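The data below hold one chain only, encoded as structure tokens and taken in the form predicted alone.
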């Protein structure tokens, strides 16, 4: 059966992408090398600082913080105490600190980029129409695909891991910031205008405070998505608990994989509950 589609030549998309990547890596190699070198140095210093603090001190600080953030309730504080002691007992404390550094940097970078983009989308329909498809692309693309440009630009290690995590975790903060500001009652915005508020005063004193809960929900999702990239980022040399899971998978070490995976679950629950509780406290 004749199929006219067979006579249509294939679009050379792969060679185009290869050429674009070659052009970027050759013309901006100094820039990428600088980010790799300085980023690795900075993140290693943060990890060394966290490791230098006695584990029991950090555990107690987290427990105390959890106790007060949750309204002086013992649930999360007790879980944090037992969970972190378990991770320390299993000899995974250093790996936990490496994971903390990766999640911390990827979350902070995502927030720094995401909130201004969300504000821009809320203020400009044109910007929203341009940025929305990009966010859709970022969210629907499998996380493994982000490892390709990460390795091409930065090699292997924690820096490309953070790069891939930022791309994967950025959309929720952008979307929720846009949504939160757009949901601010128009009457309040008009009232601010009637009092002669400037655009910046209206944004920082009216819109952002009223949208804070929605923005914080987006930040919570961004942090959790950053954490979900830990295991995937370990495939390109990112250190931490994800590497332990990957190593156990490669060597079929079911026990070690279970312990490392359980440690990730404990860490994820603590972070999730802390950010949610902090948001609820601020919203009251």
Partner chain sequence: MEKIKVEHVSKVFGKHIPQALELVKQQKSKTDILKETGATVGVYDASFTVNEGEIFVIMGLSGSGKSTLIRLLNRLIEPTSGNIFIDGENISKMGKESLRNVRRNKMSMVFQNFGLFPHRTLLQNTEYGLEIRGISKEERQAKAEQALENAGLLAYKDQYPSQLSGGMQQRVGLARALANDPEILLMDEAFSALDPLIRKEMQDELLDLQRTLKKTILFITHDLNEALRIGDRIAIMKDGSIIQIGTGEEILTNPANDYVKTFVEDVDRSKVLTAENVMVRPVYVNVDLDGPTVALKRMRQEAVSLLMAVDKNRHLKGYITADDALAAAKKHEQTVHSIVQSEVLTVPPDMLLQDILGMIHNSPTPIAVVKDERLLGVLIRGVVIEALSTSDEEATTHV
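If you're wondering where the values come from, they're calculated on a predicted model, not measured in any experiment. Numbering follows the first chain given and starts at 1.
Keep in mind that the form predicted in complex with its partner chain is missing from the display, and what follows is about it.
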Counting only non-hydrogen atoms, the one stretch of 97 to 105, 131 to 139, 114 to 122, 193 to 201 within 4.5 angstroms of its partner chain in the predicted bound form is 193 to 201
Among 188, 85, 126, 148, just one has a heavy atom within 4.5 Å of its partner chain in the predicted bound form, namely 188
Note: exactly one of 109, 206, 152, 81 sits with a heavy atom within 4.5 Å of its partner chain in the predicted bound form, namely 206
Within 4.5 Å, heavy atoms only: does residue 156 come near its partner chain in the predicted bound form? no
Though only this chain appears here, would residue 179 touch its partner chain in the predicted bound form if you measure heavy atom gaps against 4.5 Å? no
Residue 210 within 4.5 Å of its partner chain in the predicted bound form, heavy atoms: yes
Even though the chain is shown alone, can you say which residues of 250 to 273 have a heavy atom within 4.5 Å of its partner chain in the predicted bound form? none
